Ligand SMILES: Cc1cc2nc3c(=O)[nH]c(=O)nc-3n(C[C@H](O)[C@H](O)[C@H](O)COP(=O)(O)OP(=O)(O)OC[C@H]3O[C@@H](n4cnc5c(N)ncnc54)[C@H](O)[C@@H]3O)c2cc1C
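Let's start with one chain on its own, the form predicted alone, as C-alpha cells.
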Amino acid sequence: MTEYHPVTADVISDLAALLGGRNVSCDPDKLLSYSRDEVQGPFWQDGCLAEVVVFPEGTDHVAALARYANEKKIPLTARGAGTGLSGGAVPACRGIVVSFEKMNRIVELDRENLTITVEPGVITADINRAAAEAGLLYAGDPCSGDASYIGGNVAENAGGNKVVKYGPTGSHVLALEAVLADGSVTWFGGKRRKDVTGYDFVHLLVGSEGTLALITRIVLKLLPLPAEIVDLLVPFPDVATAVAFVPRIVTEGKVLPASVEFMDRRSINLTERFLNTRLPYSDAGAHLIIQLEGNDTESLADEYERIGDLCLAHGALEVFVADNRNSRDRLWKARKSITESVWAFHPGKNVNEDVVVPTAAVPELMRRLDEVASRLETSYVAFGHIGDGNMHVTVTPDRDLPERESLLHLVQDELYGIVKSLGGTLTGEHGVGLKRRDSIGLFLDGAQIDLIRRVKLAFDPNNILNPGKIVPWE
C-alpha cells in the first residue's frame, strides 16, 4: 500500500500560494460534504474524509496542483457535482479533494465542425440547452443531467436515456485536455471523426473514474436537432409482457427509438406519491416510455401509430401519446424522479445497483430477480434503460428488520450471480468506484485486474489520482 504524505499546515499554506486562499478550504462542513456522493449508506469503513478541498479555476491551477501533490505523494480525488452512485468521488485515502465547480465555462460551440468544447464543471443540461439554441443536439442525456457535471459524466462514462440510439457519454467525446499525475498537460484526440494515430487514449480516460488523469477540457460531438419528438407511454399488465415486447420495436416495428425506458409498478407508485401526481394506468404491472424522433411530421406519425398498434397487439393495455412539450416534460419528470422517490420513502442503506445484461437476457434477469425477492421475503424497485439492457434495481427491505444488513448483502450476492450467469456485468453507467470495488473479481479475471493496476501505474506511478478505486490494492 502506498505511503501518503499528510496534509499539514505547511501543505495548506503551499496550496493557498499555488491556487489562491479563496480556492482552499478546511471548513469541517465542507470537508464532510465534499467527501460524499449520492451512495446511500456506509458501504465502506469510516475515515474517507478529505483533509482539504480545493477549487481550481483553470488548467494552470490543476497542473500546479498535480505537480505539487505528486512530489509530496498526497492523494488527489477529482469531484464533480457529487451525484455519483459508486463512491467514485469519495477520498478513499483522504488527502485533497479537487472540486471542478469553478471550471464551468462553455469555451466554444463550433457549428462548422459540429462540436462543443467545455470545462468539466459545466452542468450537463446547460450543454443540452446551448446546443439546442444553435439548432443542434448533444445526445448525452443522463437522468441526473439537471445537476451532474459533464466531467463526472466523462469520468463514469455515464449512460442515460438515449444510449439505445446514440450511445453513452464516451460515444460523444472527441477530445480531452488532460493533466497527468506529474503535472504535464496534454491533449488526446481532436475535432476529428477518425483517428488511429497511436492508442485511443480518449476512450481509455472516459470511464476511468479520475484514476488516470485530471480532465480539464472536453470536446463533444454534436448532431442535427430532430424537428419532431414524440413519447409513447405504454402500460402493460405485468413486467414479463412489457420486457418481452421491447425487442419487437426494432425487429417488427423497424424503428430505432431514441429511448426505451422501463418502470415497474412500485417505482411508478413511489414517484406518484413523491410528485403528488398521477400517471395513467398506475396500477399496471409495468410501463414503457418509447421515444421516437424525426424531421417529418407525417412520417413520424406513421411510425408511432405503427409502434402503438404493435404494442396493443402484444399485450399493452393502452398507448398514450405525448406530442407536446408540456406532456413530454411531465412524463420525463416522473421517470427522472424515480431514484429520488425511492430514497425519500426508503431512506438508509439499500442495495442500489445498475447491472447490465445483453438485451435479450432482460426477461430472464427480471424473472430470476423476482424469484430471489419472493424467496427472501423482501421487496424491490426496478426501472431503467431497458433498450440497452441496463436495469436499475433497488432492494428495499423493512428498515426495522433485525437482519436487514445481512439480507442486503445476500440479495446483492445473488443478483451479481444471476447477472454473471446471463453474460452481464457489474455496472452499466454508475461505475465501480469504491462501492463495487471488492466485487469486481466476480466479473473480471486476475489477468485483467492486474492489467488495470499496471495501466494505472503507467499513468500515475505514485498512485495519487483517486487511489483505492475500481480494483483492490494490496
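Just count from 1 along the sequence shown to find any residue number. None of these values were measured; they are calculated from a predicted model.
Below, we turn to the form predicted in complex with this ligand, even though it does not appear here.
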{"property": "Interface stretch in the predicted bound form with this ligand - options 208 to 216, 130 to 138, 301 to 309, 238 to 246, non-hydrogen atom within 4.5 Å", "result": "208 to 216"}
{"property": "Partner-contacting position among Gly285, Gly183, Gly82, Pro363 - heavy atom within 4.5 Å of this ligand in the predicted bound form", "result": "Gly82"}
{"property": "Answer option from Ser144, Gln291, Thr394, Thr115, heavy atom within 4.5 Å of this ligand in the predicted bound form", "result": "Ser144"}
{"property": "This ligand contact in the predicted bound form: Gly159, any heavy atom under 4.5 Å", "result": "yes"}
{"property": "Partner proximity in the predicted bound form: Pro120 to this ligand, non-hydrogen atom cutoff 4.5 Å", "result": "yes"}
{"property": "Non-hydrogen atom contact Ala78 with this ligand in the predicted bound form at 4.5 angstroms", "result": "yes"}
{"property": "Non-hydrogen atom contact Thr339 with this ligand in the predicted bound form at 4.5 angstroms", "result": "yes"}
{"property": "Check all three, Gly152, Ala155 and His385, heavy atom within 4.5 Å of this ligand in the predicted bound form", "result": "yes"}
{"property": "Contact set, 94 to 115 vs this ligand in the predicted bound form - heavy atom within 4.5 angstroms", "result": "Phe100"}
